[in-house]
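Coming up is one lone chain in structure tokens, specifically the form predicted alone.
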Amino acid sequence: MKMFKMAAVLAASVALPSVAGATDLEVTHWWTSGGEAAAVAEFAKAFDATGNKWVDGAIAGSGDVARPIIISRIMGGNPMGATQLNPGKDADELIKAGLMQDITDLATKEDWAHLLRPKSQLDSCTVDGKVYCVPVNLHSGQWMWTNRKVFTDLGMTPPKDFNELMADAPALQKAGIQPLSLAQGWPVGLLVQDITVALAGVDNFVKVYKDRDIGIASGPEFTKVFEAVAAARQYAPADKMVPQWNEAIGLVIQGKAAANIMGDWAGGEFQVAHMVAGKDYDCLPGLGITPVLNTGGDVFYFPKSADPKITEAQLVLAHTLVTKEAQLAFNLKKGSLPMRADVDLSAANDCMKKGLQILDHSTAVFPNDSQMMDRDSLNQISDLMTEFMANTDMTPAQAQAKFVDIIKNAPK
């Protein structure tokens, strides 16, 4: 009965051709942590309910690992049925090469332009007026996560922001608690970026990353950022870094570390551990300094296929991903915000409610870095920040000078 109801909805809303029989659709993504796996299973369940079959193609590791594999497969003529990517420039070359499915008709018939928010997410899926991907969530990297019990057991008040955490760090360290957990690779770059947004401000961050403002990048606003990172690196030394971001969050959950700076996807790990936001742990948007959200997120693209059954299944999946039911189930477990404003989020935890408050009632919402700068330049910045955090001989002035050079050479 559920299959027939879904088919009727699709026929009415997008006039999809009828192709008999269920279709297996391989879907690649990099959601492999506990919380992420629980979330993506909700999408799979919703798609399977249409009579088709979600064939999970999870790629272990981060997006930095998965993206080259995904792009290589599509370029090499071995495409998956659908794939997760981030909004921005990652798929531009694939679209130019004519390898991605145009889903404009579906987006138009379902009125995604008015159904999905913020506007920047669908804009990132749009090239020359045509829609090539479907946004499924809004996530933000600007969060600090703390374990309340770590502080209360030491007779300390849980910090309300990053500055208070740094003030507490010596006492935490003396008590044998790692003040700030950190994972290797991209989480280092995210840490520095979050400190940049918190201390230099959203406007200056956007002027540097989007407008390539060298004056600001080399000026006092960014000098204080590099000085703050230099001060923080003593509490997250290279020999204490763990391989994966969820392992760093695990240290906070276990009480071995006091805090971690990570995106809202970390909330899923706390949920899997049955911890309650506002009681067992705190989530502080904008590191507690200036509550902000960047318009990052996840989108799904659909590589072209010569098989009409695959093409139909792709459209069914695109439709399914933005239904109220799928949006609610996925985002409640992912910790991210739904793309639709009409989803009932009465079951949302304190962290999601904080994010929704900013999204719906604040102007402190800004583009994700990958929406403003090419991936190669972003990787160079990440490599620089990793070196800066690990090499205590590199001064803030030296790191800032190298950062300025990357910004100067980044293509617009």
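Each residue number is its position in the shown sequence, starting from 1. What you see is a predicted model; the values in this text were computed from it and never measured.
Below, we refer to the form predicted together with beta-D-galactopyranose, which is not included among the displayed structures.
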**Prompt:** Here the chain is shown alone; which of Gln84, Asn147, Thr295, Asn260 has a heavy atom within 4.5 Å of beta-D-galactopyranose in the predicted bound form?
**Reply:** Gln84
**Fill in**
Checked Glu36, Asp374, Glu26, Glu42 for heavy atoms within 4.5 Å of beta-D-galactopyranose in the predicted bound form; positive is Glu36
**Complete:** Here the chain appears without its partner; judged in the predicted bound form, the stretch of 379-387, 26-34, 355-363, 45-53 with heavy atoms within 4.5 Å of beta-D-galactopyranose is 26-34
**Message:** in the predicted bound form, does every one of Trp186, Trp245 and Lys334 come within 4.5 Å of beta-D-galactopyranose, counting any heavy atom?
**Reply:** yes
**Message:** So, His139 and beta-D-galactopyranose: in the predicted bound form, are they within 4.5 Å at any heavy atom pair?
**Reply:** yes
**Request:** Answer for Tyr132 alone: is it within 4.5 Å of beta-D-galactopyranose in the predicted bound form, judged on heavy atom distances?
**Result:** no
**Message:** Although the partner isn't part of this model, could you tell me whether Trp265 comes within 4.5 Å of beta-D-galactopyranose in the predicted bound form, counting any heavy atom of the residue?
**Reply:** yes
